[in-house]
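One chain is shown next in structure tokens, namely the form predicted on its own.
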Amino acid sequence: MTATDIGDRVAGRAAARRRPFWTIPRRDALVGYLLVSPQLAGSVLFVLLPFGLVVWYSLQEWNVLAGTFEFVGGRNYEKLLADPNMGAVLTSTALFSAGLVVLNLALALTLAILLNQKLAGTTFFRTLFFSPVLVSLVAWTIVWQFLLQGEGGVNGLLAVAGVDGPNWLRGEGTALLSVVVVQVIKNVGLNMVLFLAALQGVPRQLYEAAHLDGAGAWTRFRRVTVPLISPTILLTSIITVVGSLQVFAQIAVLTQGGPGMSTTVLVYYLYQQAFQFRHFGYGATLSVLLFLIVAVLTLVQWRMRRKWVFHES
């Protein structure tokens, strides 16, 4: 090694010592980490950690009254597969979710299209349909509990028209439908506002061009409106599906899972097992099942977006 090489190495080491540690890229990276750290900490503390504990509890048999906490491995999952009520619970959950999602999205889109017109009174009706979203869920449900009784307000209105209405919350054929309708009326305003914002973002020039090409109202809706608001349709469908699988207060107040098990959805069955029957380990197992169902349905919707969502193909 020559003297020149040795001199270059010494000079390089001296320059490295003089280089500041907090360079601009490092400072930018630190700022980025500081900005995301609250969200990251919240996700760890309130999502990942609770989910890990639920999975751990599903492997235990926790008897609060006796004060025992015993590891049982997969016994709770074997109980889940052999549970004779699980078929009825999953059927009620599927019917409730399907009815809620279809009615909610269809009604919300219809209202958004009607209220997107430049007519007198649209502001009033927008406020009217959105106001139930702001009402307390429990208060809303209690009011509807009185309205849907055999001598309630709904049957009173039907009696004026000469129709003898049933006890809506006590009939196996009407209880689930009643809960679905109550939930749809409560939350349809939220999806309506999202659809309304999406509709107002559709350029008017596209409608005018389609009209000049001879496209009718239905063709313009199918070929122009639906593709351009498809990202909002995806968002509202995911929100509505996840929300439909987490409904509890309405069932607890209106029907308590009855009559029979016609309105016993998975979340309410989870509550019964964990907090009424004190089967906390089995309740945690049902929570894991609920998480898997929500995750699979969300993943399926997200993967299918490339086939029908605009700009995703």
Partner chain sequence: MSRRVKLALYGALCALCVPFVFPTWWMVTSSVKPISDIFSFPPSLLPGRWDFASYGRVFELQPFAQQYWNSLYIAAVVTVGTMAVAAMAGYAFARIRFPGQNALFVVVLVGLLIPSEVTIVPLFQMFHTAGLTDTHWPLILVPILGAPSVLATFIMRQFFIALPGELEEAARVDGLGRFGTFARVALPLSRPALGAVAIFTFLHSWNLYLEPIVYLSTPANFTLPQALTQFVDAYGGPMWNVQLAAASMTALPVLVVFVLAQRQFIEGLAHTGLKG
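Positions refer to the first chain, counted from 1. If you're wondering where the values come from, they're calculated on a predicted model, not measured in any experiment.
Although not depicted, the form predicted together with the partner chain is the subject of the following passage.
Practice problem: Identify, from the list Ser97, Thr174, Asn76, Thr232, the residue with a heavy atom within 4.5 Å of the partner chain in the predicted complex. | Solution: The residue in contact is Thr232.
Exercise. Select from the listed residues Leu80, Ala217, Ala209, Leu114 the one whose heavy atoms reach within 4.5 Å of the partner chain in the predicted complex.
Key: Residue within 4.5 Å of the partner: Leu114.
Quiz item: Do Gln200 and the partner chain come within 4.5 Å of each other in the predicted complex, heavy atoms counted?
Solution: Gln200 belongs to the contact set for the partner chain.
Quiz prompt | 4.5 angstroms heavy atom contact with the partner chain in the predicted complex for Met304 | solution = No, no contact at 4.5 Å.
Quiz item: Does Ser287 make contact with the partner chain in the predicted complex, using a 4.5 Å heavy atom cut-off?
Solution: Output for Ser287 is yes: heavy atoms within 4.5 Å of the partner chain.
Exercise. Consider Leu105 of the chain shown here, and say whether it contacts the partner chain in the predicted complex, taking contact as heavy atoms within 4.5 Å.
Key: Residue-level check for Leu105: no, no contact with the partner chain.
Practice problem: Pull the contact list for 35-63: residues with a heavy atom within 4.5 Å of the partner chain in the predicted complex, in sequence order. | Solution: Counting only heavy atoms within 4.5 Å of the partner chain in the predicted complex, the contacting residues of 35-63 are Leu35, Val36, Pro38, Gln39, Leu40, Gly42, Ser43, Leu45, Phe46, Val47, Leu48, Leu49, Pro50, Phe51, Leu53, Val54, Tyr57, Trp62.
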